[in-house]
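Next up: just one chain, as structure tokens, the form predicted on its own.
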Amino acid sequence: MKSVTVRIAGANGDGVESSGALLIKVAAQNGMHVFGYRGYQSIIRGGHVWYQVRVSDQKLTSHGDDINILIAFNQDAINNQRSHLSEHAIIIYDPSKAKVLPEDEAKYKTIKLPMIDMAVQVSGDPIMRNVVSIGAAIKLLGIEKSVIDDVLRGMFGRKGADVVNSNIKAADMGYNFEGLEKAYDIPHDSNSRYTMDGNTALSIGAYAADCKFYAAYPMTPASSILHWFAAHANNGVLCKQTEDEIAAINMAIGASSAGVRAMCGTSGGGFSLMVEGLGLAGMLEVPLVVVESQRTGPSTGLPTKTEQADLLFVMHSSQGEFPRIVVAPRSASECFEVAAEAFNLADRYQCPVIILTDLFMSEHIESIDGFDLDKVMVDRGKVTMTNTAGGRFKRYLLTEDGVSPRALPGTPNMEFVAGSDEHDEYGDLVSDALSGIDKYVEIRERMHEKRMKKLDTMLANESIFVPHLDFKDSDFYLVTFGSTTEAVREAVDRMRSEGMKAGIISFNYIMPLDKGETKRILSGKRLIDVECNFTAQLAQVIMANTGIEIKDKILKYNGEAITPGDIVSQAKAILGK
């Protein structure tokens, strides 16, 4: 695999993000595989921000390690990114905004590109320097100038010919800068690729699964799900921005109770407010999909940085016990698949399904081949339209599998009570004051056991609650879950190319867990746990369910996404390589 990593850096307001987005579109349209990720702060202007774009001739599973091309919009960009530069990196900088040290000029190839002067010359607007810089970048990457012209026409065509021509001229200035030559040769094909972030893929998956209601209060990094549903609200979807997360989950429960497939989304802080509502869904046995996109904590933590520290929280949130499903997608494509299947699982087992993502998974962009929406199947579970037993409808009928027949409001002769207290088969609330202590205890035990039977039913009926093992012939295995799988997969490929027999055991569906099968897969193997949290939460889950203790761990919790290089170097240290 051949790949090149470009990092654009500057301050908030410099056009860093738009520059990265433009480069991604150009590379993907040129038939390259792309992976993009950004680092930013929770301020509107100023501070240090960057956008990393990696291009390759093969499918990418991470944003990479060292920087091959640095586009520096200011002095901080050089100062802060110097330690991330590869051995033969190229630095593109505007001499009116930054300077390089003599040792930098000796070590790296430096290009003085007067981006602001060029931008003002063609448009009168210095912000156009981002297009100038990307023009220079694609020249270094060996991409034909016509590709960026086509992309710019598509992006700005609705703004008129003058805007389009100004952008094309700005790209010309960078592309044709004197002395600039192709520095990399990345093979590509003729397929123009889709590029998508995890939240968009998840939203499309939910939509394909017939989600008709989405409620949320804006909270990074889940906010773009709200943006997507708001933009598609005219396509048969009701999108509601609520006053807080408490209202969001309760509205979703209400919509689901009415028969509509419903979802709500937030980050860890907002999920903390949703916890009581989650318990309500558990007691009412209402199908519900909740997205929890993690960021660093506790409290506000680092609002724009990534972490995987909410796993145990979502697994055990809310008082009491009730069935739930927790799934952590491992790629943007899997975000689509998981979101689509989450609604089937929620309907089939009448319980909450929590999709656990994180900032890295939500916001990174990767090239994909597209989704087949026609293959998404809808399974509404035990929805019944007739009361075959006669008499009052037993909404919470005691069944062998723990799943009761469900009727939608308005179905004739199928009325029932839905309350937050413990209840009998009809939904009538029970208490020792009303029924007598013996009757109350019996009903409580039987209803609680009925609900919890769903967990055994899930494990018996579904094959998804086991870890995935790759490379069965390995001497050791990196164990991970969710978004970290992307970087682990590349790390394993690197180690295997060096003759190290490395393998992967990755988890996506984490709760419930098939204890016996998980123990069989993990037993007798040399294991190294890889997670982005401090307490190795997946390892704790494995220990609790199988008794297997993973002693060797690679943990990252500084807010930055783990990279293949992080994993390879630490794995070698653990193994004494």
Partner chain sequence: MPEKHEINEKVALHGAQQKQVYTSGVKPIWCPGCGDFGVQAGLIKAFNELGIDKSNVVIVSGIGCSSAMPHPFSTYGIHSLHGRLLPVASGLKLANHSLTVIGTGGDGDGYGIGSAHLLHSARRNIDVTYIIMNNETYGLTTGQTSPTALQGRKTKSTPFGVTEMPVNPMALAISAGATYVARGFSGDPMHLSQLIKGGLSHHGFSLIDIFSPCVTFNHDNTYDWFRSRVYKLEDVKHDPANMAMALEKAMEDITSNYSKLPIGLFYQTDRPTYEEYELSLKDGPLAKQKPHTREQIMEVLEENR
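Numbering follows the first chain given and starts at 1. In this text, all values refer to a predicted model and were calculated from it rather than measured experimentally.
The next section is about a form of this same protein that is not shown, the form predicted in complex with the partner chain.
Per the 4.5 Å heavy atom criterion, the partner chain in the model of the complex is contacted by stretch 238 to 246, the sole one of 484 to 492, 116 to 124, 238 to 246, 82 to 90. Taking the partner from the other structure, the partner chain in the model of the complex has no heavy atom within 4.5 Å of any heavy atom of Ala389. Residue contact with the partner chain in the model of the complex: Asp104 places no heavy atom within 4.5 Å of it. Contact between Ala161 and the partner chain in the model of the complex is not found at the 4.5 Å heavy atom cutoff.
The closest heavy atom approach of Lys25 to the partner chain in the model of the complex falls within 4.5 Å. The listed set Gly157, Gly410, Pro298, Gly320 contains one residue whose heavy atoms approach the partner chain in the model of the complex to within 4.5 Å, identified as Gly410.
Proximity to the partner chain in the model of the complex, defined as a heavy atom within 4.5 Å, holds among Gly277, Pro221, Pro405, Gly268 only for Gly277.
Contact with the partner chain in the model of the complex holds for none of Asp310, Phe471 and Tyr477, as no heavy atom of theirs lies within 4.5 Å.
Residues of 345 to 380 that come within 4.5 Å of the partner chain in the model of the complex, judged by any heavy atom, are Phe371, Leu373, Asp374 in sequence order.
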